[in-house]
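Take a look at this single chain in structure tokens; it is the form predicted alone.
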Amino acid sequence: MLETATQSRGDLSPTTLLTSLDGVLQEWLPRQRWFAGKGLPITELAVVSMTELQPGCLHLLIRSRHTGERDGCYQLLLGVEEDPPPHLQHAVIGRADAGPLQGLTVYDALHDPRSAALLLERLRTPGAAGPLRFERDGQTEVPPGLTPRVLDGEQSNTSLVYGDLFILKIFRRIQYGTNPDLEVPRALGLEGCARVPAPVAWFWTAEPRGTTLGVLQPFLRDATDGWTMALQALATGDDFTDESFELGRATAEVHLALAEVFAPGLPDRQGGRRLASAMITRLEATARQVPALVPYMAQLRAAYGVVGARVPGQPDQRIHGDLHLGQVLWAGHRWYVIDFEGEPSRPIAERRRTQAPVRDIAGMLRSFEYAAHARRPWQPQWAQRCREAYCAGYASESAWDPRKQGALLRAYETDRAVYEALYEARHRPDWLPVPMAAIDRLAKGI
């Protein structure tokens, strides 16, 4: 069937391919959880890169344009067949009605075990496929023939688990350059930081700009993520302070390792003013889309003042950038930290800058409140106990106590809550009251 589809395509180029894909992708892309342009009409699609990995399997980078918004670039692995088998019907994107793929069915090939196996084999045997480059660490053995499965529940990426031994994260939303989720875990692995699973293999594209496309890492098969553990504790009425304390210690260990691996930077007033200005700009842009923020604008702007007034003191450093309970795993009686990609909506250059480590701490403190809101009735005392235990654990391992930087912590919590408000308004309106409750508390200085 794949050979028949190949023979049917004729002249296949980025230009001719788009005549086949434009219509089906215009309908399919906005329905994907990782598509950033929800609610915004697609004005144009363009093929940035095309590689035929094997007959009937196309690797694509697709750029979408939206009126008044920044372009988005997305990574797709597409299968092309006349009639996909029943187990792939849920992955069908549509049938092309024009161009070289006319009359053929296009589907998301990451759900196809054959294509998933092909990706793993490429990573096992480093080399090139068109502009794509596949590399390995040279130390970890990756057996052939591992059974793949797609991991459910992700939002900005797609992950494939192979034989419960390895996990391949495919970055869906692409920004040009090295992704921190390869750069940071690889550097920490070389440093010997046991809290972060090190990359085993990865692939990237030479065109454009050495952009990271996917990372293969060990899969912690018996692990439970922190979000699930927190909800279980809330459901059973169990305390979560011991786990929170240990999580604080783990965060501090990772921060200390990051400070060793990457050169630190000293905060300065000019840089602080730029950061405060960026926070205010995000606040104002979000308020235009989330009107519920408008009554709090003056108080929230004031909270950012401490960021602009920062003076040289505690160094800035590389951080996680999007730390919350879903980014940590409990396995073998210890915490592991994963997903160093940062917030995918922010520019990759910003995510790779040195920053105040208190930003990571603010993200985790917000996550405790999210968990407490997820179970009814809302349990603010549970969240507060977790927050205190987490900060105490961090202070026990680090040279400083986050609780002694209350104003700065409030500023970063505010910035995080504003980000959450925009996300929830766009993707999960029923959850908008969660960040809005934090906005109300932070605006009052509590």
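Just so you know, these numbers come straight off a predicted model, no measurement behind them. Numbers follow the displayed sequence, beginning with 1.
The discussion below concerns the form predicted together with a small molecule, not included here.
Chemist: Taking 204, 208 and 350 as the candidate spot, are all three within 4.5 angstroms of the small molecule in the predicted complex by heavy atoms?
Modeler: Negative, none of the three is within 4.5 Å.
Chemist: Is residue 416 close to the small molecule in the predicted complex, meaning a heavy atom pair under 4.5 Å apart or at it?
Modeler: Residue 416: yes, in contact with the small molecule in the predicted complex.
Chemist: Using a 4.5 Å heavy atom cut-off, state whether residue 373 contacts the small molecule in the predicted complex.
Modeler: Judged by the heavy-atom cut-off of 4.5 Å, residue 373 is well away from the small molecule in the predicted complex.
Chemist: Could you confirm whether residue 327 comes within 4.5 Å of the small molecule in the predicted complex, counting heavy atoms only?
Modeler: Judged by the heavy-atom cut-off of 4.5 Å, residue 327 is in contact with the small molecule in the predicted complex.
Chemist: With heavy atoms only and a cut-off of 4.5 Å, decide whether residue 156 touches the small molecule in the predicted complex.
Modeler: It does: once the small molecule is placed as it appears in the predicted complex, residue 156 has a heavy atom within 4.5 Å of it.
Chemist: I need to confirm a contact call. Of 316, 183, 108, 339, which residue comes within 4.5 Å of the small molecule in the predicted complex, counting heavy atoms only?
Modeler: Only one listed residue qualifies here, and that residue is 339.
Chemist: Could you tell me which of 319-327, 287-295, 100-108, 82-90 sits within 4.5 Å of the small molecule in the predicted complex, going by non-hydrogen atoms?
Modeler: Of the stretches listed, the one contacting the partner is 319-327.
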